[in-house]
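Form predicted alone, single chain, as structure tokens, below.
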Amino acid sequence: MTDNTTRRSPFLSGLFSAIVPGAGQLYNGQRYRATAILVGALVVLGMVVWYGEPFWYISPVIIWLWNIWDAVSLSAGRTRSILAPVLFSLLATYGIGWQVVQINFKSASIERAVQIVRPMLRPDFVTLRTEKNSIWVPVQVPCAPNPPKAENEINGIKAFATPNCASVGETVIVSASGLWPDTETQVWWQTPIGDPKMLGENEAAMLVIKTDSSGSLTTTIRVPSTALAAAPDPTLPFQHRVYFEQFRPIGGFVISSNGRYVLQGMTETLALALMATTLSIFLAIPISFLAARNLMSANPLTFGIYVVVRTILNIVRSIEPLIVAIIFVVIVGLGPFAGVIALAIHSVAALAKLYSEVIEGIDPGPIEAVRATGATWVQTVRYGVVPQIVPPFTAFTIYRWDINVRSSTIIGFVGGGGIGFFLIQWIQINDLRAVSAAFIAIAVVVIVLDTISAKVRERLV
């Protein structure tokens, strides 16, 4: 390829580019090309030097050599293709990026994947309808003089423990009678504040004992090591309880305990997103008029306001709602209110930008006609702008609510309420069936809302 660029010395062109990438191109009058080469070469070199991998130094070297060749060619009236430097820049970027993120497919474990996926195939949303049979017996921890008898009777079911008291780590023989015969029975410990403790292996599993044909059972348990963790004074005696619980199906299905939490979380998520979007509208609409260039360029003062407002909107939009939620969780405490504030702040900036772009893209004819009558700025907006922006404003608002519903599921991870608040707890305790139920609920709600909002936007725009 040839051009009409004034011929320059090939030697000087190559020498300048050898000293400073792009200098030879600048010497040949190619300012934009010179700037692009210099910036590109510095970025690639800086990235390679920062990462410190010797192999990737080949990229800046090749770019430097190409830059000399290109400068010499320009002096002869020929322009070289930029494919080579772009290609090697991308190779260095992706190569270093691959190593930085430590991509290693060999680290993946099929066994771990199966362990995670298998329980998630049985989401904990509904469960078999069951009836419950239970009894508890009090046990004093630690011992004190004349402890109360460790026995109890409810609806003909009796339970007792021997001895009547014990210290942490000591064993207690517990018995129950009058339960359902030949039925698995869960045996667990409850502290005075209602905190349940497992009594199975290593205090990490539920202790399950099957009753005999007469509905009786006897087993030996050990007072959990964490039984007094929440006690204000571990030396004072408190009444703890040992529970015996049985369940048997009676037909049909009901929403499980975790299923109710899923419904509660999704209700909070929808309400959180709705309130955040609604609150943001009241601020975004007036701000959007101040951020519209075609309305604010009449004089230096209004243009200055436009620049300031646009800058603030860009800054606010650059901060993720999750970060804002962390701040407001500290200020207002855990719960959906912190999430509402975080999403509302980000939504104001996002909606104001979208609204302002709608205003900037409207037909200038009505505005010019209104201005020609001597109307004020407010009258111009009222009669020349508002009638044109209502449909797209409504469509963008619905779209933003759809976005906020998805964002609010993450806000809960830092205590901002919604389904995410429950989801992070289920992940921490490895309750994958509940996690699966939450995933399905989120997917269903998002799909339904996305379909509805898409239909509404089609009718409005």
Partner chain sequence: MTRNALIIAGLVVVYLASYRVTQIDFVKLISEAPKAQTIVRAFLTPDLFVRDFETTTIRVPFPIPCGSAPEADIVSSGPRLVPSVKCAAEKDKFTLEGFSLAPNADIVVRWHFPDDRVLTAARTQTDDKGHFSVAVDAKPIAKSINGVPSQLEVDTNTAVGGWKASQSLKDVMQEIFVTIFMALLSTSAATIIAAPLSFLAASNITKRGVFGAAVYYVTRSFFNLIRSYDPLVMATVFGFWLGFGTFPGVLALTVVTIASLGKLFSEAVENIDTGPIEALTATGSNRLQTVIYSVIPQIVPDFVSYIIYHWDINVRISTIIGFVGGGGIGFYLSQRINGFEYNKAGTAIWAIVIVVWAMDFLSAEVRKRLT
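Keep in mind that this is a model prediction, so the values were computed, not measured. Numbering follows the first chain given and starts at 1.
The discussion below concerns the form predicted together with its partner chain, not included here.
Is residue 93 close enough to touch its partner chain in the predicted bound form, meaning at least one heavy atom pair within 4.5 Å?
Within the cut-off, so yes.
If we define contact as a non-hydrogen atom of the residue within 4.5 angstroms of the partner, is residue 317 a contact of its partner chain in the predicted bound form?
Contact check for residue 317: yes, within 4.5 Å of its partner chain in the predicted bound form.
Quick check on residue 361: any heavy atom within 4.5 Å of its partner chain in the predicted bound form?
Residue 361: no contact with its partner chain in the predicted bound form.
If we define contact as a non-hydrogen atom of the residue within 4.5 angstroms of the partner, is residue 31 a contact of its partner chain in the predicted bound form?
The answer is no: residue 31 has no heavy atom within 4.5 Å of its partner chain.
Go through 82, 369, 208, 100 and name the one with a heavy atom inside 4.5 Å of its partner chain in the predicted bound form.
Going through each option in turn, the one that passes is 100.
Among the candidate residues 424, 58, 42, 65, which is the single one with a non-hydrogen atom no more than 4.5 Å from its partner chain in the predicted bound form?
Selected residue: 424.
Looking at 22-30, 66-74, 44-52, 388-396, which one sits within 4.5 Å of its partner chain in the predicted bound form if you count heavy atoms only?
It is 44-52 that comes within 4.5 Å of the partner.
Between 428-446 and its partner chain in the predicted bound form, list the residues on our side with a heavy atom within 4.5 Å.
The stretch touches the partner through 430, 432, 439, 440, 442, 443, 446.
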